[in-house]
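Presented below, as structure tokens, is a lone chain in the form predicted on its own.
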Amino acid sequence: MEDINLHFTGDFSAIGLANNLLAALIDNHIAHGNELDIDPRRIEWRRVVDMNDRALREIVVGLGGTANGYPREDRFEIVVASEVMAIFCLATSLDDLRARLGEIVVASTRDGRPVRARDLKAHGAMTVLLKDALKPNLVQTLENNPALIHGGPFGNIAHGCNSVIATRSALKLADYVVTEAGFGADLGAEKFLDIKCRSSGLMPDVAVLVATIRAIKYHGGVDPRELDHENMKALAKGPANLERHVENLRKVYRLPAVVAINRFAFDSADEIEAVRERLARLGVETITANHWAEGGRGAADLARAVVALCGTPGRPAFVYEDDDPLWQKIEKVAKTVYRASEVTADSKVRARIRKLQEDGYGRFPVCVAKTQYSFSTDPKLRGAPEGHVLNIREVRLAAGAGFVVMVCGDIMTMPGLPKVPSADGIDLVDGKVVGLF
């Protein structure tokens, strides 16, 4: 467990190296004559580091004279936010990985033409750095059940799923495969289906919506410091958020769904029963999962429910069509999944979207970068809000990954550490890592 949460097999390091090699080649090309006529003011590729460090959000590189390159503004992102990570998780083979890396748009020329990684002859060396990392990592649970842990694209800025290669490998090894999509049915399920499934052709039979009584009470307005106490009043209001996710899964994505309550020791039987009765009105089964304490036995009821639903799988649907224009795609996601009333953007963002559409990227899925704490872009807007406005503040092209990122709200691709970081309690005692969990 400690190895998985630290350096594991070095996949993240390989992705960081490949990303930063491309960044170095851009500056090196400019320093040696700039044959491609790259405009230093229009370099879009960022360096990455696998560390939360707010001091690296906005930096200046190339200081110290001509020998050190051309001074320009730059910034770091965390490794999981790199397009290389998204490509890594969507690639189906080494050849596909190489081709996708070559398509990365890193900058523009002075006359506005795109400059790709292949123009810098970077994609071959990047592939070499990633060739071993592309192999899925097989580990096991405490009960010796096999698990593939591979990749980790930032669930806000990217599609938030494990690698296609790992999923396909698992499907060859087992009768039933469970995979995770990061953050709720508004982000996780939408991106899993509209990006990963659309790209790979893989389609799920059943969705398991994992919830906690704590989260339901939070959406009922409870102060986070009071979530460990029974609060039946909050449970009368909070399930609206859970019901919205269930509705999205069943009516928007057309997937059979079961709700798993990941039980905490302080959850009361009355609280769990209240949620069960509420969802029963929608015809959805709610199952309490105690696997945190009982291992596989604690999730056996959930497993049986999933197997039963697999007997009559749904016909999963996408939120939008491939041929829909980019603006229509984002509107469909906002209004259908988030229940927003409208989508807004300033003139620069609208012009950027139009340009991407004209340049042939309109066929790409959209990847919405927003908070995971709300259906809206306001993390404090709890429950199941309707009629809110989705404002797009930035648009990013991920040409290699094959999607267009619509950045909404205050999402950051370089987080900062909290006042008391986890590092405070981590140490090595008698050769064992302590404080990591």
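Start at 1 and count along the sequence shown; that's the residue number. Fair warning: this is a prediction, and the values are worked out from it, not measured in the lab.
There is another form of this protein, the form predicted in complex with a further copy of the same chain, and it is not shown here; the text below is about that form.
- Annotation: in the predicted bound form, residues Thr167, Leu173 and Asp205 none come within 4.5 Å of a further copy of the same chain through any heavy atom.
- Interface membership of Glu73, defined by any non-hydrogen atom within 4.5 Å of a further copy of the same chain in the predicted bound form, is confirmed.
- A residue is said to contact a partner when one of its heavy atoms sits within 4.5 Å of a partner heavy atom; Asn20 meets this definition for a further copy of the same chain in the predicted bound form.
- Residue contact check for Gly387: none of its heavy atoms lie within 4.5 Å of a further copy of the same chain in the predicted bound form.
- Although the partner is absent here, Gly69 is a contact residue: one of its heavy atoms lies within 4.5 angstroms of a further copy of the same chain in the predicted bound form.
- Looking at 125-133, 84-92, 173-181, 272-280, the stretch with residues near a further copy of the same chain in the predicted bound form, meaning non-hydrogen atoms within 4.5 angstroms, turns out to be 125-133.
- Scanning Lys355, Lys121, Arg113, Arg254 against a further copy of the same chain in the predicted bound form with a 4.5 Å heavy atom cut-off leaves one residue, Lys121.
- In the predicted bound form, Glu2, Asp3, Leu6, His7, Ser13, Ala14, Leu17, Asn20, Leu21, Ala24, Leu25, Asp27, Asn28, Ala31, His32 are the residues of 1-38 with at least one heavy atom within 4.5 Å of a further copy of the same chain, listed from first to last.
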